[in-house]
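There is one chain below, alone, in structure tokens, taken in the form predicted on its own.
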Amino acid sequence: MNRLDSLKDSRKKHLVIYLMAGDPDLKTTEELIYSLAGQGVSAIELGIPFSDPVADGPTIQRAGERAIANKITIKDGLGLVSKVRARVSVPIIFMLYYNLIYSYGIERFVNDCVKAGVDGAIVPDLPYDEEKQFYDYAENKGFYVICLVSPTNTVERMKKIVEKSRGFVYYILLKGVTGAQKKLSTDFEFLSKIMKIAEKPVFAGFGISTPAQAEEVAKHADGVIIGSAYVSLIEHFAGNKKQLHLKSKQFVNKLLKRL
């Protein structure tokens, strides 16, 4: 059984937190994973840095640049997950671009992820109907590839994406790249259509930056994904680890209380 199957619990709203592996360093990422798991987040999305992150806004781009400067690779991400698995059972998902998977080797990537305890991957530049070999091999190994639905998708394409996605469906709230927004403007009507047909959880992300926004989005989805707002916190307090851990806990607690 894949750990992501635990997210099917409809009695609660789920919180997924994104952070970049190795930002500001792998030790801090490890400590934050322990903290997030201890607070009860539903899943952790772990970014693997890439030189051309087409779906990332400036905050996560900067995090990726810092991680690249630290020479963080897929192997480092795998080693980190393998290490934290001794203490945490929360689902952990890689968020990375397909060129990294292709260069690493499709079967090798899936096999090594399963061995390390990575439960799935979000690959924002890989449409559901391309690279059948990767999707089929992941399916065969019980490794979940989570697909993204955009507000610009047709209803027909949305239905196919929802069917293809494993673990949960990732609904993109914004047209464009990731990034915290002072005011959320999204098509909840389209999200409601996804919720009606999906037989798996639907989580919404891109642009959620405050507990109030998370609460509003959670009224329409099974859970929320927080990325840029959390990465921004890491960026701001990276020079003071004590403050970073304190602010991280405070931020996550506020989110959990509103869901």
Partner chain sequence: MKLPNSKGFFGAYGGKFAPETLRTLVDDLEREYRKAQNDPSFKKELDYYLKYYVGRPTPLYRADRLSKRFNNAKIYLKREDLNHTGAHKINNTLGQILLARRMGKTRIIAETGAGQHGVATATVAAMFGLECEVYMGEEDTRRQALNVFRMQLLGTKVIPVKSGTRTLKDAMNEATRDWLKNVDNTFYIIGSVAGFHPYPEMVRDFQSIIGKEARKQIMKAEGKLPDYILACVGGGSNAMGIFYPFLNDKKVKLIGVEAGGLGVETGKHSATLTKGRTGVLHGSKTYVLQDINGQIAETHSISAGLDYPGVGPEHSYLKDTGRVKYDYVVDHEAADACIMLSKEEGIIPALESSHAVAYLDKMKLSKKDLVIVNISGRGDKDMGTIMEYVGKK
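Only a predicted model underlies this, so the values are computations on that prediction, with no experimental measurement involved. Positions refer to the first chain, counted from 1.
In what follows, reference is made to the form predicted in complex with its partner chain, a form of this protein that is not presented.
Put simply, of K115, K141, R157, R85 only one has a heavy atom within 4.5 Å of its partner chain in the predicted complex, and it is R157. Of the residues given (E163, E130, E107, D136), E130 alone sits with a heavy atom within 4.5 Å of its partner chain in the predicted complex. Partner contacts here mean any heavy atom within 4.5 Å of its partner chain in the predicted complex, and among 29-37, 224-232, 52-60, 211-219 they occur only in 52-60. Contact check for I172: a non-hydrogen atom falls within 4.5 Å of its partner chain in the predicted complex. The shortest heavy atom separation between Y98 and its partner chain in the predicted complex is within 4.5 Å. T152 belongs to the set of residues with a heavy atom inside 4.5 Å of its partner chain in the predicted complex.
Using a 4.5 angstroms threshold between heavy atoms, L78 stays clear of its partner chain in the predicted complex.
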